[in-house]
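Single chain ahead, written as structure tokens, the form predicted alone.
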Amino acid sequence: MTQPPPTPFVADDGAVVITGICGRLGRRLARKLHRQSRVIGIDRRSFPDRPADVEHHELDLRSARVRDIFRDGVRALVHLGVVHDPRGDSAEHHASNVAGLQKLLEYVEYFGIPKVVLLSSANVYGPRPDNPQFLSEDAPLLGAGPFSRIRDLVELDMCAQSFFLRLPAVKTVILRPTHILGTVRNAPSNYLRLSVVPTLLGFDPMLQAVHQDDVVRAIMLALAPTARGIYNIAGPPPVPLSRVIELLERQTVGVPHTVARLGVERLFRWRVTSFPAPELDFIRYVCMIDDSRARRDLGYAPTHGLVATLCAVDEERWLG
């Protein structure tokens, strides 16, 4: 039976805490959300150009001072604060990501915060040659493999799922967007910004992407008081990678996979590129998601078409 969309998000006196607010996505969310609700940001980075009414704390999520932020008047947590630095210390990133989320969920439980939204990623499913055409939210999370960055995402996703099952009174939402394109600094956007885009000979996988502003909209919908569950978030219909490159009017060069992997590993080691070799699997195999559950339960639908979504990677600065 089809369920009606959740009760729309309505502003009240409670604050929404956004972790990772200084990232490109966090800034866009804060700019939208502060018009409707009191916003509190937590990030180790500074946020000098934040809206005047946005409260910001420069803190590591593991700091004991974070607890005080949740002490009074918080009604929702949006967790975007996942560390993604392929060159950083993977052990430190793992400790920061996992311990940080565990602390946040501890405060949510202790202070009775009614809503949690975690931004995960469809990458947790993993690009694999045996993937079905579209993956539902019930598909196994097989994305870890050689990806240290995705191993953390899988563990965070699983941690949030455990919290979701253990505390049903807390309306927890886990969002798994496909490749986010825009001014965000992630591997898909960086790859498509290249003036000459390398491809793998013999491979032309279907590419699925979502505009950064549609992800922000999905987060806003997930903040509805009754929304609860795990949701894939997709954009316009997928197209072959070759068509994506054609629409962006990029030049391309085909490279054998073995040569590409050795070359990327060497360039990464020499710090010429920030693109780690395991990411090559995303332009080799398919990893597409079915977002019908989000469309049905949240009332989500992308507002940006294919061309607008792809061209977002060429925006030189963040607007709005």
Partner chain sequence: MAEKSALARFADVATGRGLPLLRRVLAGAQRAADEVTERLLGSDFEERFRVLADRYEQLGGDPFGFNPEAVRAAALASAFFHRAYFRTDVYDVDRVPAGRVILVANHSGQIPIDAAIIGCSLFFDANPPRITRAMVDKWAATLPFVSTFFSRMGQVVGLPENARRLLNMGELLLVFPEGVRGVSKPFEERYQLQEFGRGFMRLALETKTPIVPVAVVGAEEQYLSFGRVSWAARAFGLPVFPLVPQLLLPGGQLPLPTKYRLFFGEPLYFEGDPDDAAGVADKVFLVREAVAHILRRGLAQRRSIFL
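Treat the numbers as computed from the prediction; the structure is a model and nothing was measured. Positions refer to the first chain, counted from 1.
Below, we refer to the form predicted in complex with the partner chain, which is not included among the displayed structures.
**Q** For the three residues D130, P240 and Y285, verify that every one has a non-hydrogen atom within 4.5 Å of the partner chain in the predicted complex; reply yes or no.
**A** Affirmative, all three are within 4.5 Å.
**Q** Just to confirm, with a 4.5 Å cut-off on non-hydrogen atoms, which of I113, M206, V184, L248 contacts the partner chain in the predicted complex?
**A** By the 4.5 Å criterion, the partner-contacting residue is M206.
**Q** Out of L201, M158, V196, A99, which one falls within 4.5 Å of the partner chain in the predicted complex, going by heavy atoms?
**A** Selected option: L201.
**Q** Contact between Y107 and the partner chain in the predicted complex at 4.5 Å, heavy atoms?
**A** Contact check for Y107: no, nothing within 4.5 Å of the partner chain in the predicted complex.
**Q** How about D60: is it within 4.5 Å of the partner chain in the predicted complex, going by heavy atoms?
**A** Although the partner chain is absent here, D60 would stay clear of it in the predicted complex, with no heavy atoms inside 4.5 Å.
**Q** With the partner left out of view, is E265 within 4.5 angstroms of the partner chain in the predicted complex by any non-hydrogen atom?
**A** So E265 does not count as contacting the partner chain.
**Q** Give a yes/no on whether F164 approaches the partner chain to within 4.5 Å in the predicted complex, heavy atoms considered.
**A** Outside the cut-off, so no.
**Q** What stretch, of 64-72, 288-296, 31-39, 44-52, brings heavy atoms to within 4.5 Å of the partner chain in the predicted complex?
**A** Only one stretch qualifies here: 288-296.
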